[in-house]
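Shown here is one chain on its own, the form predicted on its own, set out as structure tokens.
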Amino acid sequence: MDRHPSGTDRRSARRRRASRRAAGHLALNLLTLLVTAVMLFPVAWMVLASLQTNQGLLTGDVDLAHPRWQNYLEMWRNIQLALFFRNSLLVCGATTLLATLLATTAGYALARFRFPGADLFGMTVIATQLIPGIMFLIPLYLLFLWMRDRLGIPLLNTFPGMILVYTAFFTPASIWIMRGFFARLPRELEEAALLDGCTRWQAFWRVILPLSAPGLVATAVYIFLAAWDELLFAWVLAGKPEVQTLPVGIRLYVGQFQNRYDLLMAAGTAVSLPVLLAFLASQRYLIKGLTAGAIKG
């Protein structure tokens, strides 16, 4: 009896394996499409609802044939959305600059230098992310009140107070993003720069910092997006319209005196465009920077 498979049997086995791989790939692609559709459905509904009348949204009478583009003009007139937009740009922009600077210097120190307490500092930084942010809300509010009444430092209902809080919240995770990126860069580059006569600071500024541009972009985009969407602390710590940000302003479309869900959806669509464009423009750097720490920590 011949125990060796014939050429026809081997070809049949290869065809069966190829068919199983093709079926597996097809199932994976269908699952990916399903998950993508589920994730995009809220966004698609927000855009669709922004083109409907408020009465139609309340009664479920959605008219796809006659989109109501006037919602996008009325949303600017109904509340001071331009003021909230300016406030968000100011707070988020300053937070991004300050937190990125702190994360860059701290991440470089953790990646390159061994100093007493370095491991404890790194673990403490990442451990702060395990605590829910809402736990800090009341203590921060009471601290700001105490600093205003006892020390005369105005942080409540001010831009510096919001920038300080956002910087404190988003810097720890950013430190670890930058630490992972700096750890990927070869030390030989700095050693070569030092041999050529550069100081430690010049080696960092002229050699390491340009090479870490994808990490800087990823960190800055992460901070900006996180600050742009934050609502709870902006709602409590910034009670005056002069310093309130976009999430607080959009919330005003649904309140005690009005329930304009059509304008709420239009405003949500409009304010999502800047962050969407920022994400698309920096997508390549963002993915590369965020995954750097997973390759080498």
Partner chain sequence: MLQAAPTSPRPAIPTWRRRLAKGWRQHGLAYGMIAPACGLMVLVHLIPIAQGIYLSFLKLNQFTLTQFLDAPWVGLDNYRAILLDPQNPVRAGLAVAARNTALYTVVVTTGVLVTGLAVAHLLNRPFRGQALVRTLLLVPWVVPAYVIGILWGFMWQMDGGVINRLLVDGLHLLEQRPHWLTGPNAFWAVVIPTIWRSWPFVMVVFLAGLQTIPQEYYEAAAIDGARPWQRLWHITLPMLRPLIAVQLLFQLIYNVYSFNIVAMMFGNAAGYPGEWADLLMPALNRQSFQLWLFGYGAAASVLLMLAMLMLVWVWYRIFKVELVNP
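All values derive from a computational prediction rather than experimental measurement. Under this definition, the rigid core comprises the largest set of C-alpha atoms superposing within 1.5 Å between the forms. Residue numbers count along the first chain shown, from 1.
This next part talks about the form predicted in complex with its partner chain, which is not shown.
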Note which of I79, L140, V207, V217 lies within 4.5 Å of its partner chain in the model of the complex, where distance is taken over heavy atoms; exactly one does. L140
Quick one: of L97, A106, L90, L83, which gets a non-hydrogen atom within 4.5 angstroms of its partner chain in the model of the complex? A106
May I ask you to state whether I223 is within 4.5 Å of its partner chain in the model of the complex, using heavy atom distances? no
Test of understanding: in the model of the complex, would A18 fall inside 4.5 Å of its partner chain by heavy atoms? no
According to a 4.5 angstroms non-hydrogen atom cut-off, is R187 in contact with its partner chain in the model of the complex? no
How about W69: is it within 4.5 Å of its partner chain in the model of the complex, going by heavy atoms? no
Does each of V35, M39 and W45 have at least one heavy atom within 4.5 Å of its partner chain in the model of the complex? yes
What residues of 91-121, in sequence order, lie within 4.5 Å of its partner chain in the model of the complex by heavy atom? L102, T105, A106, Y108, A109, F113, R114, F115, P116, D119, F121
Rigid-core frame, C-alpha of P42, shift of 2 angstroms or more between this form and the one not shown: yes
Inspect the rigid-core superposition and answer whether the C-alpha of Q52 shifts by 2 angstroms or more between this form and the one not shown. yes
Core-superposed comparison between this form and the one not shown, L276 Cα displacement 2 Å or beyond: no
